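What follows is one chain in structure tokens, specifically the form predicted alone.
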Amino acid sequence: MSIPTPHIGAEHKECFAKTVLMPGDPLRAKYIAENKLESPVLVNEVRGMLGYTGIYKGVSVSVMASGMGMPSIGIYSYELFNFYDVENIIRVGSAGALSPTLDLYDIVAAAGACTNSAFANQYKLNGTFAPIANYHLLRTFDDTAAELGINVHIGNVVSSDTFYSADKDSDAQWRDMGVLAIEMEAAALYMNASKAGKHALAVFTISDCLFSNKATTAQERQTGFDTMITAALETAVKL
């Protein structure tokens, strides 16, 4: 396959920086580009999945939306890794807290991503693949956050194929296995990075707490995650 790809309209590999921040929401990508980057240039708008490249502290950084769910981030991360020579993708998303130690706006970095998805079946492995973050990215993010005075909770998340699940016991079962939070994309991102020999990290701001009924609004999720975004951008300039 050549570029542009079926899902990314950028004409040249150089349209994307080596590091891409990847929120799910296109409007969050737009917010990051317009409020955090110098001279942002729109490099993709196919299907409304906005992507930009700009400058942060003298370093070229891109931000592009992934959409919701593993099939969607699976497409966009695959094309960025394999056709646009992107080296690092940092997912900057929201997650629902499973652990009672987490509260709204806490930041979680996914060392690993459990999943109920069959995404790994395509690799025909004789066993169960464990999707994990790139250690260098994870350590750099944690160290950077510490320099900024930001506390990061590091551990397992679960990437679910279902938002509205018929299994009403599932969340508690994952919680009882020590899983910190639930989201819908990290496992596919980690698998694509592993297969491509590239680097990925998923970090999250807690947007709701599943066992205490706390929740943020859609507007707060779109623009209220500046602490996480700043830590991710500061990480990007060190890579």
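Here the structure is a predicted model, which means the values were calculated and not measured. All residue numbers refer to positions in the sequence shown, first residue = 1.
Keep in mind the form predicted in complex with a small molecule is missing from the figure; the text below concerns it.
Contact between A95 and the small molecule in the model of the complex is found at the 4.5 Å heavy atom cutoff. Heavy atoms of I182 reach within 4.5 Å of the small molecule in the model of the complex, making it an interface residue. The small molecule is not shown here, but in the model of the complex it comes within 4.5 Å of a heavy atom of S207. With a 4.5 Å cutoff on heavy atoms, Y135 does not count as touching the small molecule in the model of the complex; it lies far away. Picking from 56 to 64, 195 to 203, 33 to 41, 182 to 190 the stretch near the small molecule in the model of the complex, with a 4.5 Å limit on heavy atoms, gives 182 to 190.
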